[in-house]
Structures are given as C-alpha cells and as structure tokens.
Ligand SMILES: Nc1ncnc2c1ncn2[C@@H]1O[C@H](COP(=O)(O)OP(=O)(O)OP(=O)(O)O)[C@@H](O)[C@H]1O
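Only one chain is given next, in structure tokens, and it is the form predicted on its own.
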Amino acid sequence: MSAIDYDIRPTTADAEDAPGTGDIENMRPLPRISVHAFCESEQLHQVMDRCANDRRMSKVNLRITGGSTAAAANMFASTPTPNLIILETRANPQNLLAELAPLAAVCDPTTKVVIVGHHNDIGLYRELIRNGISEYIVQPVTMTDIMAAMAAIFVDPEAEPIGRSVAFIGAKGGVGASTIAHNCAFGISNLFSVETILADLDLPYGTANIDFDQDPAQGIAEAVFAPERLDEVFLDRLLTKCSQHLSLLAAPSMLDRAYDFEGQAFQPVLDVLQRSAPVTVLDMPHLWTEWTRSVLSSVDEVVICAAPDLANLRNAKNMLDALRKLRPNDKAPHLILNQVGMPKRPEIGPSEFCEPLETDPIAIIPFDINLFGNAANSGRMISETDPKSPIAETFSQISHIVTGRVALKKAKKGGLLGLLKRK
C-alpha cells in the first residue's frame, strides 16, 4: 500500500456536519450559570433546544419558555431572576424600551439580558446598550449567535486557552486502539513540538506504561479518586515524562480494587488536563458506561478504531449512531481501519465496510505483526522503530488530521481510499 500526500497547513475545524455552527467548535465551554429563554417564535425555540444539547453547555442550567416580555416580567415578579435572560420580542423600536420597563423593575442587578429582535436598527441597538442590555441580536439567529453572545458575557477573554482533547476508542476489544492512540500522542508531541498529555483511562488493563517502557508509582487513579485535591500542581506530580514534549498519566493496571465510577467522575480530570497542555490524548477502554459516554460527549475529537470484520462493523455503526446523537453539533467521529490484510483471515473490504457507516476512514493501517510486535516488546513507538515505514507516515497523517492541521488531500494513484473531504 502506498501512502497519501497531504497539503498540510493549519485550518479551522470543519463544521459541515452541523450547519449553522460556524466556529462553535473552537468556543470555550460556558461556566456554571442559569439561563432562561423566552421565545415567541418556533425558530428561536428550536435554536435554544440545539444549544441545550451542545456539550459546551453541559454546566449551564437552561430553561426554555414560550412567551413574551410581559410573561417574563410576570414570572420574575415573584421569583429570583437567573444569571441571563434571553428574550425574543417583535416590538417596534419606538416601543421596545417601554415594553422592557416592567421586566427591568423586577430584574436583579446582576442579571444580564440578551434581546432577540426583528428590527435591524443600529440606533435601537445603541439605545439598548446604553440602557444596560448586554446584547441585541436580529432574527434570524443561529445557535452560534446565541452561544457567542453568552460566551462574550460570561467567558473571560483573558483566560488561558484550553487544550484540544482527542479520544481514541476501539469498536471491539483487541483492534489496536490503544496502540494507535499512543503512537498518535507521540507523533503529535514530536511533529508539532507541543506539550501533549496521554491519559490512559483503562485503569485495570491499560498498556501505555508498557508501550513507553515506564513504571510510574502514581497516575490517573490518584487523580480520579481524589478530585478535591486535583489542580495543575497536583496533576504535574502524577505525570511521567516519556519524551521532550510528551507526558503520561498512566493507569495503575492492577486488579486490587474495582473501578466503578459515576457518570461525571472524569470531568474534573479532563478540565485540569485541558488547562495543563495544548493537546490531550485519551486512551479509552472498550466500555459503554455513563462515564465513558460522558467523556466521549465532552471531548473535541473522537476516533473509532476498527478491524475489518462483521462484529467491528456492527459495533462501529452503533457507536457512530450513538455519538452523533450525543454530539449533535460536532463533526462525526473519525474512523480508522486497523489490522487490514491479516493473512488467512476473511475480511470485509474497506469500501463495503464504510458504506453502511456513511463515513470514510481517515487511515487504513495494514497488518504488520513484525513491526508492531518489535515496537511493543521494546517499549518504543513505530516512528522510533522504523521511521521510514509507510505506517509511520500514516501515524503522522492521523496526527495532522485529529489536531485540525490537514487542509486537503492529494491521493496518489493506487493509494488508499479517498480519505478526506476537500476543505
């Protein structure tokens, strides 16, 4: 198999799977706030429903009500106002301030108000801002408009940027998802000279410590079982240096206790990881639990690794369908086909495998027992074992894709599939 040449340059995230999201994938998660939206149109109600299902709104307590300015004033006359009121109104510019007066009389001083109006009037906008309205948006509005307005009010523009998170998970046990995750984490750290953290979330059976020939005394177990102690300083003590720019948060890989977790158990760990490094790679176990669903729904990128057989096809289809529902405003998960061309094993061809999944693989990795076996047994990555091999180049390509640095493809004749859509 020949490799694929890519024109590589930094790009923004591709949001074509979620029309109207614009640059929403680059938006920081919103803090823990309360929001009440009053919608007069079905269009805004649908937009707010989409916002409610977005992963960046996971900490937001959002309530959506059909009603006008008068309904909002009546409601808050007897109840405290939330952090933010989003209010749709069809009032004329001449009457809008008078319509807002009863609501202003009952609002707490700290409550912010965003008006969604139907009149594109710069004079009205300036008058509203002078009177304490945080933002005025003209219909038709998109989810990006609403969330950008909320972020402008509640997200500190001077805050440190948060890192990109990429989760790798196998469609079936034994398909090499961990090996791919480890090689990609190593590749990202080396290719871009960027600080990268590899977190092994398979606590009982994780292999990252073996693959990097490490024996750390502490790791992710100490972080997840002591969330009250977790901050950047504590995390730094748990990390093991694997190379110049790669650090490992290792799994204990021991069976001295049961590893049962609540749904949000790993969220504090993810928050600190994203504040601590530009890139975090998560090696996910082959599980489907509340906590794995929570992690997969909150990361920036998901990569599903599969081998070309029927069980993997079924599982990959189920996972893709489930994750598209969990992440309605994000790109679909990436797919990698691994262990392709194993001798004497009947396989499903790549095109037949991908057709029911309605997605193309970002990479097809051939079965090479000698290369992978030698790398694993020596505690080294593929690019260290044989840097000139086509598989090492494939891991480089995957590293570019999951970090958003691939602009377009240029496939050689006789190469793999047409793997990437043109940007």
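What you see is a predicted model; the values in this text were computed from it and never measured. Counting begins at 1, following the sequence as shown.
Beyond what is shown, the protein has a form predicted together with this ligand; the following relates to that form.
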message = So, Pro333 and this ligand: in the model of the complex, are they within 4.5 Å at any heavy atom pair?
response = no
query = in the model of the complex, does Asp202 have a heavy atom within 4.5 Å of this ligand?
reply = yes
ask   = Would Ile85 sit within 4.5 Å of this ligand in the model of the complex, counting heavy atoms only?
value = no
query = Is Pro366 one of the residues lying within 4.5 Å of this ligand in the model of the complex, judged by heavy atom distances?
reply = yes
ask   = Tell me which of 319 to 327, 119 to 127, 333 to 341, 296 to 304 has residues with heavy atoms within 4.5 angstroms of this ligand in the model of the complex?
value = 333 to 341
ask   = Since exactly one of Pro102, Pro350, Pro278, Gly176 fits, which has a heavy atom within 4.5 Å of this ligand in the model of the complex?
value = Gly176
